[in-house]
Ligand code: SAM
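In structure tokens, one chain follows: the form predicted alone.
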């Protein structure tokens, strides 16, 4: 990957690019970073790069022309980032996107910033590393370089360390310890000394959940629960009497795609249930779909399988006061460690431990989506890639 930094203060980057992980990546050729001195493109004998701001506030602004000439002197296409307090707040997803660029150019502002005409005509992304103001863009540029470089294969010694970082999967990282095993009366958790890899991995996932719930519960909206549940998760669907094969196949496919343990279908009428059974067999869905005479029987089956009572989440039909948001449901699932079971269909509110607000689309008062679409949306919110 190639990164170019345009700055009036190139000396900022000398030590940064020679040390630690970034320095080793540059030395090994995994990362190509060049620093362009903006003053080489300044105007007049004094290499002027800034001037007073129009409007009389007295601040100095970096001029558009030196910046533009510096960009035009670069080879090939590039993606230009301008660190600024007015930019979009930087996230791990954004870092992942930036890491895919062949040539990333970071333009460092200073003083009051840069001429807005340059931003409008040359900048692809205005980016902020937080809601505070710095003297210039050099420190944010280093943050971008460091965070992006970690995602380049080979830069970080253990690739797994990147995957387990805070935010990568939407959760915070688990606690870390080193020698000695006992320090000032405080001991390392015994499981980390056991040598049992599966138990250690389970401990790390549990601690990541606890830490995220305690410190940054807001992150759960980005996190997939798939890697953090110690139990299976289920979908229960109350179908209409006339079961459409396409709808059944679509719901079953969504469940399989998101790792649902089983699609449970309660059908009270025995004759109708046998008709459904034949259809399920004809569609080749016997391994993923299971029929029951009642919702109670389905819950008992999950209890026997998981050794825990299922936590039922009814998908509401409207915005009733008893309905809770899907983010709150995520917190509930992680807190109670019971196997979640999402319940869809008509008149299901009584089947749930909680009722979640519907997938409403444009209509805020009720769910207007077909059930197969609602199932896909809900499963993606809870078990999508993150």
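Positions refer to the first chain, counted from 1. Everything numeric in this text was worked out from a predicted model, so none of it was measured.
The next section is about a form of this same protein that is not shown, the form predicted together with S-adenosylmethionine.
Only one of the listed residues (202, 134, 303, 192) places a non-hydrogen atom within 4.5 angstroms of S-adenosylmethionine in the predicted bound form, and that residue is 134. Contact with S-adenosylmethionine in the predicted bound form, defined as a heavy atom within 4.5 Å, holds for exactly one of 84, 174, 254, 212, namely 84. At the 4.5 Å threshold, heavy atoms of residue 97 stay clear of S-adenosylmethionine in the predicted bound form, well away from it.
Mapping the unseen interface onto this chain, residue 127 counts among the residues with a heavy atom inside 4.5 Å of S-adenosylmethionine in the predicted bound form.
Although the partner is absent here, residue 113 lies within 4.5 Å of S-adenosylmethionine in the predicted bound form, judged by heavy atoms.
Contact check for residue 109: a non-hydrogen atom falls within 4.5 Å of S-adenosylmethionine in the predicted bound form. Only one segment in the set 70-78, 97-105, 135-143, 282-290 has residues whose heavy atoms sit within 4.5 Å of S-adenosylmethionine in the predicted bound form; it is 135-143.
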